[in-house]
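Let us start with two forms of the same protein chain, each given on its own as structure tokens and named structure 1 and structure 2.
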Structure 1
Amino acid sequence: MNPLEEFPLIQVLNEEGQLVGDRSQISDDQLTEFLRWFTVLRTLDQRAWNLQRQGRIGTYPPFSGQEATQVGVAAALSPEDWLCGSYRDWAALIYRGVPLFYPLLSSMGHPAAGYLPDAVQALPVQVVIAAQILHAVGLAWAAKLQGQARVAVSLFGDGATSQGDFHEALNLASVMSAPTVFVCQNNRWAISVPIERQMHSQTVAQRAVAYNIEGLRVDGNDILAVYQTMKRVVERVRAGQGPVLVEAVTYRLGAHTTADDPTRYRPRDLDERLRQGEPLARLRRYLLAHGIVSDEEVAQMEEEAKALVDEAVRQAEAFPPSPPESVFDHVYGELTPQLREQRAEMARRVSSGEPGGGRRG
């Protein structure tokens, strides 16, 4: 078996922004709206990087380059479906309905970022690598047991496929026919480790064979391919035809986090080549070339995005600070006696300004 032939890359819009496939399921208005979202998300991501460098937020994981996968996945879901993402999947959550300031609040370390709006069917972002994949299977299995027509989708990176949780999740979903869609954002690097040093498989998608589920590969920088593929996959899974593994081949434009320097491990020529097909530029080229949007409309989108992000920064920085002792409040439903004592002691030290009490804000 040649995995590259067995799992061909699904593509509708190529790297140059030329249509090479069928886009009959998506209108000009939808594509324009996707470009508007890409513009807002890219503006937010770049501002977050700058805010971290200014010391206004903590460590931040940029998602630039992966917008097509995240937006395409979120757009294909119904409101009742579950979305389980990692710390890099804020673009999907924002498209799903999470306010724009949440990623900033999260990087400030504020616990309120863990409380997503009730109307958004999604779990808080997961920092533990691959843990959300198991959570998605649990949600999907529960929905099946309750007779609900719900699908659970998990987003994760290629590095997560090296974890046992990934394999356990696929096995359990397969055995239980849990309505789960596993979406691997193969951005080619697990921090500084390239994909070829993580696995000897030619594709992530072929790993589906071991669990007797369907596996697909899609161009993760092509919003048309991701959205249309995910629409088909989600409805197939919703109809009870079993879980699916989707490998979205993409590229992380920036660093792993603001604590990383990708120039130390990514060859410059490779980086320059892979940047050519990034999602925002690709979609913009297509829409401009076909007169679906104008240069003036693109400029207006950029101005509107800047205003929205300015407001998001203002909201995040104006958020009421959380007292240091609140670290005890978000783990157990009821604190143990020892933790109650520790919380009271920290609160006393904070109020008296003693060493070890931390500071508010």
Structure 2
Amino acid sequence: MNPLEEFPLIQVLNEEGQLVGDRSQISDDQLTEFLRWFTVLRTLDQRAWNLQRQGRIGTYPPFSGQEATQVGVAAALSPEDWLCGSYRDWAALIYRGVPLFYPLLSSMGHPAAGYLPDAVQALPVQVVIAAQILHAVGLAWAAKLQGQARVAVSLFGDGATSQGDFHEALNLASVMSAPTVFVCQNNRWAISVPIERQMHSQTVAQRAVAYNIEGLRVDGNDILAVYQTMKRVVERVRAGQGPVLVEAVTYRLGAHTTADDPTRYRPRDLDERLRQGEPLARLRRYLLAHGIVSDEEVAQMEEEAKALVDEAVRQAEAFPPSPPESVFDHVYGELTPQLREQRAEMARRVSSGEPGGGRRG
């Protein structure tokens, strides 16, 4: 079997921003909307990087380069569908309705960033690689048991495919026919480890064969390809035709996190080459070339994005600190006797203005 032939890369807009496939499922307006989103998200991501460098936020995991996959996936969902992603998936969450300042709040170390708005059907971002994939299977399975037409989508990286939980999740979902969409963002590196050292196979998509489910490979930097493919996939899965594995081939433009230096492990020429296909420039080029948006509109989008991000920074920085004692409040539904004692002790320390524990992150 030649996996590159069995799982051909689905592309609609090529790296030069030329249409090479069918875009009948997506209007000009929607494309323009996507560009607007990409602009806001990119602006936010870059601002976050700078804020970290200025010491105003802590470790931050940038998603630049992966906007097409994350937005394309999120846009294909209904509000009642579940999304279970990782630390890098804030772009998808924001598209679904999480306010822009949440990722900043998260990197500032605020507990509140774990409570996503109730209207957003999503779990808190997951730090443990691949753990959320199983949660998606359970959520999908619950939906099926309850007769809801809901799917659960899990986003995860190429590195995550090496974990046992990835395998157990796909196997279980296939056996239970749980309406799950597994979306691997193959950005080709897991921190410093390139995909060739992560797996001996040429594609992630071919792992679907192991579970006898559908596998697809899509250009993850091509919003048209991702969105239209996901629309079809979600429909199929919602209709009860079993789980699907989607490999979105993408590239993280920046570092793994603000604590990482990719020049230590990514050859410069390879980096230069892979940057070329990045989703924002690609979409903009296409829209400009076809007169769908004008230079002025692009400039205006950038202005608007800056303003939105300014506001997000303001909101994050103005966010009220959690009282230290609140650390006890969500361990169990009710405080245990031990926690009650300990909470009282901490409250005493806090109210006595004890010098030791005072510094906030």
Partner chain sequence: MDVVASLTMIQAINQALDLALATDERVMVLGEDVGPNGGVFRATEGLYEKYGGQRVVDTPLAESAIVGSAVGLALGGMRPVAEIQFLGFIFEAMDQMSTQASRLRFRSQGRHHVPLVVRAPYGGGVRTPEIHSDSLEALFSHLPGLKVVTPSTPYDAKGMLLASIRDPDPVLFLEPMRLYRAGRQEVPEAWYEVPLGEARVVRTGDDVTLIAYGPMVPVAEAAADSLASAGISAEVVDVRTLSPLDLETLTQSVTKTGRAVIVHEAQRTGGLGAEIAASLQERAFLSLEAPITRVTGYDTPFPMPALEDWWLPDVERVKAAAEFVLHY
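Since this is a predicted model, take the numbers as computed values, not measurements. Here the rigid core means the biggest group of C-alpha atoms that line up within 1.5 Å when the two forms are laid on top of each other. Residues are numbered by position in structure 1's sequence, first residue being 1.
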**Asked** Here are two forms of the same chain; which is the form predicted alone?
**Response** 1
**Complete:** Superposed on the core, the Cα displacement of Arg348 between structure 1 and structure 2 in Å comes to 3.3
